[in-house]
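Encoded as structure tokens, the following chain is the form predicted alone, with no partner shown.
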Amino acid sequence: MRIEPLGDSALIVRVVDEFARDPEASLSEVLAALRAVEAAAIPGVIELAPAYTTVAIFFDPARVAQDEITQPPFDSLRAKIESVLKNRSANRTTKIESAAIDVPVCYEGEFAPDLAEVARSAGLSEDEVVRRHSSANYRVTCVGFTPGFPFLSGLPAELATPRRATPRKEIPAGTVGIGGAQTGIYPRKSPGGWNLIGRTPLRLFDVQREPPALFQAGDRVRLRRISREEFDAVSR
């Protein structure tokens, strides 16, 4: 585990070295570190952002400096974080709670412009691609790119498809895509280069909701295949 500066008001904790070898274990380690730092409530820390192998920690240098005048803010904060994580490593009793989220997805018509390409790349029928995609167990590895966009690990290896050579300028909110070995869902209208194979009627990001993002790192996700009629009924 390494702690390195990330600008003048943030640092990054590198929790594990590699994600792909064991995504489930890597994510669990990252989330355990995240929860430990959250629970410590270190003065001056204002935001935590988990990713595949790291936790970024954003802080107020002035607040950190107030609490420790003998060291630069980064050194002081690093020492506190090292102490928190050392204690966690010595006593691994933190239970990682994960929400389970059911996501209805319609894989039909204009919602799935790249389904045929994914099927061709996988050497499968379109219906088999949908069956395998919607029956897998996914986990949110991180949230980003646009507010509320969940990067989901757990995509069946045979469905991995390279990103499009030319990104689209506009992708509708709720669109489900495959980018490399991951799947994800666009929470709002935006550009993007993933292969589009479906759409959910759920609202993934809502500023009136607390928290605004439907997904959080660590959540477990099931994609449930629905018909166009069911999609339209939920969308009303």
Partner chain sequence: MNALVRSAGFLTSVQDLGRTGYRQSGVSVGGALDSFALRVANALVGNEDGAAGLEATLGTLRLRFNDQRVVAWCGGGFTVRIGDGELPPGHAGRVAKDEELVMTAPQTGSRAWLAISGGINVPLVLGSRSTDLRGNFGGHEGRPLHDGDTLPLGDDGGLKTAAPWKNRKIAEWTAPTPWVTTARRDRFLRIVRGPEWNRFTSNAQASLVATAFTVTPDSDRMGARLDGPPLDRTDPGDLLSEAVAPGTLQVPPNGQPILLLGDCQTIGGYPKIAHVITVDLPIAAQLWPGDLVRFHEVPLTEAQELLREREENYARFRVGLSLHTS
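Numbering follows the first chain given and starts at 1. This structure is a prediction, so every number in the text was calculated from the model and none was measured.
Unshown form predicted together with its partner chain; subsequent notes refer to it.
Between P72, P156, P113, P162, only one gets a heavy atom within 4.5 angstroms of its partner chain in the predicted complex; which residue is that?
Selected option: P72.
Among S134, S121, S98, T146, which has at least one heavy atom within 4.5 Å of its partner chain in the predicted complex?
Of S134, S121, S98, T146, the residue with a heavy atom within 4.5 Å of its partner chain in the predicted complex is T146.
Tell me whether S9, I46 and Q216, taken together, all sit within 4.5 Å of its partner chain in the predicted complex, counting heavy atoms only.
Judged in the predicted complex, S9, I46 and Q216 all sit within 4.5 Å of its partner chain.
Is there a heavy atom of C142 lying 4.5 Å or less from a heavy atom of its partner chain in the predicted complex?
Because a heavy atom of C142 falls inside 4.5 Å of its partner chain in the predicted complex, the answer is yes.
Does A56 reach its partner chain in the predicted complex, with heavy atoms at most 4.5 Å apart?
Output for A56 is yes: heavy atoms within 4.5 Å of its partner chain.
Taking heavy atoms only, is L27 within 4.5 angstroms of its partner chain in the predicted complex?
Residue-level check for L27: no, no contact with its partner chain.
Give a yes/no on whether E230 approaches its partner chain to within 4.5 Å in the predicted complex, heavy atoms considered.
No, E230 stays farther than 4.5 Å from its partner chain in the predicted complex.
Taking its partner chain in the predicted complex, which residues of 149 to 188 have any heavy atom within 4.5 Å of it?
Stretch hits, in order: F151, R188.
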